[in-house]
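A single chain, nothing else alongside it, follows as structure tokens in the form predicted on its own.
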């Protein structure tokens, strides 16, 4: 629904006031702080009209207005200005990535914490590496008589996991790693599973080693999402309601619910904002940014917070973190 310029200014004023204070705002306060050239009576009439349109509501008869979920959606889609991070904020984000990132998990965990600290909301990060990370080399090293360390180097980092392979000599492990590298180098991680039948038929001698390695890597990759700052949800008055807090924590603890949001948030590079993701009374929003790095590797980040979220700040932080990750991975 198209709003007049004056209604847009008033809705923008109510939303931005609510973002900063969390409190209702009166027509008099709107006039004094945002629209000094418009009479208080005119503002009251516009507020009533915006309320009838479903963009505003009031908690009590004599109280000021607050935005509804639809009001926030309208603001985000049409009225929200961009917010540029300060030099200090950019420097703080980039400083978290000065140390070498040695694994996919390291990238995810570091990114999630950086986003959460910068926004003061919970954050989620998904690296779509299982299907698309390209294998460079596979090595197997002896830790003890039965325990071996499987190292898979990919173009997005290193995956390393312990595997129980029994008493196998290091010479045999070196040969197995060499053969696996020949088979899988240049192929995505998903091809490990695709080649299981070929290995069992053509390379019987190493069948047990190969199958154990494939199972170990597949099991390791079940954890796809890094989450940081869950406790920050409790800083916002919207979640003083125990049921709303439980719903928020349940979402952040459930990879099966988070993964579709992160994987399908955008068909390509870009940002998507999902307001009130748990229903009309949920008070929970997610800002997701999906980017492509190294051509076709999906890197999805998200900020989880109340509907009364600083969306512009969240978007700027997600973009800065994603750009930093792109720079790092492009140089490797």
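Since the model is a prediction, treat every value here as computed from it, not as a measurement. Residue numbers count along the first chain shown, from 1. Note that the rigid core is defined as the largest set of C-alphas that superpose within 1.5 Å between two forms.
Keep in mind the form predicted in complex with the DNA is missing from the figure; the text below concerns it.
Asks: I have 6, 37 and 63 flagged as a candidate spot, so tell me whether each of them has a non-hydrogen atom within 4.5 Å of the DNA in the predicted bound form.
Replies: Checked in the predicted bound form: all three residues contact the DNA.
Asks: Within a 4.5 Å heavy atom cut-off, is residue 274 in contact with the DNA in the predicted bound form?
Replies: Result no; residue 274 lies far from the DNA in the predicted bound form.
Asks: Is there a heavy atom of residue 25 lying 4.5 Å or less from a heavy atom of the DNA in the predicted bound form?
Replies: So residue 25 counts as contacting the DNA.
Asks: At the 4.5 Å heavy atom threshold, is residue 48 in contact with the DNA in the predicted bound form?
Replies: Yes, contact at 4.5 Å.
Asks: Residue 58 near the DNA in the predicted bound form, any heavy atom under 4.5 Å?
Replies: Residue 58: contacts the DNA in the predicted bound form.
Asks: Can you tell me which bits of 160-183 touch the DNA in the predicted bound form, meaning any heavy atom within 4.5 Å?
Replies: Sequence-ordered list is empty.
Asks: Superpose the two forms on their rigid core, then report whether the C-alpha of residue 316 is displaced by 2 angstroms or more between the shown form and the other one.
Replies: Comparing the forms between the shown form and the other one, which are aligned on their rigid core, residue 316 does not shift its C-alpha by 2 Å or more.
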